[in-house]
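There is one chain below, alone, in structure tokens, taken in the form predicted alone.
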């Protein structure tokens, strides 16, 4: 039986330094949003009503599902099921692609409505926060893609799966940030 002192974070320790740094950056963004919102409640409430909440909810379900796929990829490789792990990773990357497609639809719609970073303070935050997250999704998909290729080549096994855990940890951070960002920007009034 492992004691608490014997447990370690999943994946490579370096990813956790990166994850904590990224969470700090997003935390500063979220705090700035909250302070600015408190000074412009009516503007934020009115602008927020113009967002596509359905698209935001779809993307929430997509990312949560994608994280579930990554969990299954880790479990599969730990069970020595390399091909199954690869399929779960591919599914997660596919879900990331769906997220990007939905988000691009939102960005294009706002652009076509003439909304830019300079439209108002709400849209400056909305576009900045969601684009910053969008870029993290792309990075996460690249990381998972590299891991998928390495898994196909037999780099990971039931005894060596640190790389898959590392990628999964980053992907879960991307999901966590969206789970905070979605209600903060789309729902909370």
Partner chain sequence: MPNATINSQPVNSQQNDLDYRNSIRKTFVIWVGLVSLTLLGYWIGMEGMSGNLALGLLLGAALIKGQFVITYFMEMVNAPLKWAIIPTVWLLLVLAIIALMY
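Since the model is a prediction, treat every value here as computed from it, not as a measurement. Positions refer to the first chain, counted from 1.
A second form of this protein, the form predicted together with the partner chain, is not displayed here; the remarks below concern that form.
For this session: Identify, from the list 82, 109, 72, 119, the residue with a heavy atom within 4.5 Å of the partner chain in the model of the complex.
Result: When the partner chain is considered in the model of the complex, the option within 4.5 Å is 72.
Problem set entry | 90, 143 and 149 each touching the partner chain in the model of the complex (heavy atom, 4.5 Å) | Not a single listed residue reaches the partner chain in the model of the complex, so no.
Exercise. Does the partner chain get within 4.5 angstroms of any non-hydrogen atom of residue 15 in the model of the complex?
Worked result: No - in the model of the complex, heavy atoms of residue 15 and the partner chain never come within 4.5 Å of each other.
For this session: Look up in the model of the complex whether residue 76 has a non-hydrogen atom within 4.5 angstroms of the partner chain, and give yes or no.
Result: Yes, contact at 4.5 Å.
Exercise. Can residue 64 be called a contact residue for the partner chain in the model of the complex at 4.5 Å between heavy atoms?
Worked result: Contact with the partner chain, yes.
For this session: Answer for residue 159 alone: is it within 4.5 Å of the partner chain in the model of the complex, judged on heavy atom distances?
Result: Looking in the model of the complex, residue contacts with the partner chain do not include residue 159, since no heavy atom lies within 4.5 Å.
Problem set entry | in the model of the complex, residues of 29 to 46 near the partner chain [heavy atom within 4.5 Å] | The stretch touches the partner through 30, 31, 33, 34, 35, 37, 38.
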